[in-house]
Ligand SMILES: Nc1ncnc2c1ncn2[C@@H]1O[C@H](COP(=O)(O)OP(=O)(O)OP(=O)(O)O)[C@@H](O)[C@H]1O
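First, one chain by itself: the form predicted on its own, in structure tokens.
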């Protein structure tokens, strides 16, 4: 299997790492049938790709064969943001959906033990027809059987219909919400849209919470002083 290196994985603060770990644990409680998990948001810049990458990494670290699929075919920044690259030309999801290569050509092993990835190697203006085709359905069925978990990072729901097309091939969705920015109405609209796909909403992630609040600082100080050792390298 071909390999890619992820050169810029973030070193998370203790509290953030524990929050991602809690998300991983909670998703495990959803049942063994929940394997393909879509991570999405209502609008851009809410942190869905950040949640996707770090959830994928933690799932792999605890011994799960975990695949990360970058499905933001129009505007993905994952490769540049996280320094994903290899020695050879990178082939991605668009190449497979367009019938140019086969599945084995786009699934890469990474330097994260147990972590695999299908990257976006080239963007496309209108991927809707490709995502609605048989090849994407075949890809999701194969990956669900071959991996313990499949994390699917999608475009925001309010921008394009791609996320809703992808949701129909997943076992559940996690909605990322940016604290203090995303309106209640947007969140409600996103949930209503997901309900139309009959894909379960597994939960929401409140991202970029203002940690300067007095109550949060008090809790974090006590918790970190007690358990901070485990947040080390």
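Positions refer to the first chain, counted from 1. On a predicted model such as this, the values are computed, not experimentally measured, just so you know.
Heads up, the form predicted together with the ligand isn't pictured, but that's what we're talking about next.
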> So which of 203, 180, 63, 44 reaches within 4.5 angstroms of the ligand in the predicted complex, heavy atom to heavy atom?
Replying inline: 44
>> To test your reading of this chain, name the stretch in 44-52, 29-37, 165-173, 189-197 whose heavy atoms come within 4.5 Å of the ligand in the predicted complex.
In response: 44-52
> Should residue 127 be classed as touching the ligand in the predicted complex when contacts are defined as heavy atoms within 4.5 Å?
Replying inline: no
>> Is it the case that residue 156, even though its partner is missing from this view, gets within 4.5 Å of the ligand in the predicted complex, heavy atoms only?
In response: yes
>> in the predicted complex, does residue 81 come within 4.5 Å of the ligand, counting heavy atoms only?
In response: yes
